[in-house]
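In C-alpha cells, one chain follows: the form predicted alone.
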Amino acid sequence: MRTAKDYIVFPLDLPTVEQASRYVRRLSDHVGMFKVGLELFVRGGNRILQTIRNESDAKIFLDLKLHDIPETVRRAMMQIAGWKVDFTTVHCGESARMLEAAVEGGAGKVAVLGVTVLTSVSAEDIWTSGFESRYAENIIDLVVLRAKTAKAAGCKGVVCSGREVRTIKERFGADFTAMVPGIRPAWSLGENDDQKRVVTPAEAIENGADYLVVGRPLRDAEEPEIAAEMLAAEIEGAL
C-alpha cells in the first residue's frame, strides 16, 4: 500500500549537481521520487541520476519533454531507456507518431508520460498560439484530446494539472498515470509564481492524481524536511 510520501515528487530545479545532491540527502526519506529537468540534466547528465541512485531509494523522473521528429525521439528514448529511470516525458504536440516512437524507443524499460498542456499556460496563451477558440475557453478539452492521443500511442500516462485529472481518470481509467505539477499546499497559497492552473495536494488526491510534483514550497522552506512532513500530512488527510 502506498504511503503519503510515495505521492510526493520533488523537482531538483537547481543549477548544479552539488546543490541538487544536498536536497537529495535531506529529502530522501521524505519523498517518493526526484524529478530531474532540463537545467540540471544539461549541467550534470547521467552524473545526477547516479547521485540519486547512490544517495536515495526514491524513484527517478527524468523530465526532458522531448519534442522532435519521430525518429530523433525514438533514438533519444532508446538512450534514456538505458539510464534506469522510472518515468520520462515527451510533448504530445502535433504528432501521434512522435508519441508512438517514444514508446517504441522506451521498449518498456521506462514509463513514458505525454505532456498535455503545461501548467504555466493560460487560456490567453492558448488563444494567442492560434488554437481554436473552444480550446482557449475550455483548456480541459485540449488536455483530453492530447491525453487520448497519448493513450492510443501506448504512453503510461500524462502530465496534467490537478484541475483536469478527474476527467482524465474518468475518460481513460484508473491505471492511466496522472503526474500533476502546479501543486501548492494550503499553507503556501498566495505566493507569486509562474504556475497558472494550481491546486492543493488534497484537491489533486481527491481528483485521482497518482503523483504530485511539489517544488518551491519545499525548496524555499528553511527546513525542507519539515515542509515535506507537512505536505505528507496534508496528503494523508485526503487519502
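Residue positions are given as counts along the sequence shown, with the first one as 1. Bear in mind the structure is a predicted one, so any value in this text is a computation, not a measurement.
There is also a form predicted together with a small molecule; it is not shown, and the following applies to it.
Put simply, of V90, A150, I168, V159 only one has a heavy atom within 4.5 Å of the small molecule in the predicted bound form, and it is V159.
Of the residues given (L66, V213, I60, L27), V213 alone sits with a heavy atom within 4.5 Å of the small molecule in the predicted bound form. With the partner left out here, the small molecule still marks one of 201-209, 66-74, 178-186, 42-50 in the predicted bound form; by a 4.5 Å heavy atom cut-off that stretch is 178-186. Using a 4.5 angstroms heavy atom cutoff to the small molecule in the predicted bound form, all of P11, K35 and P217 count as contacting. Contact between L118 and the small molecule in the predicted bound form is found at the 4.5 Å heavy atom cutoff.
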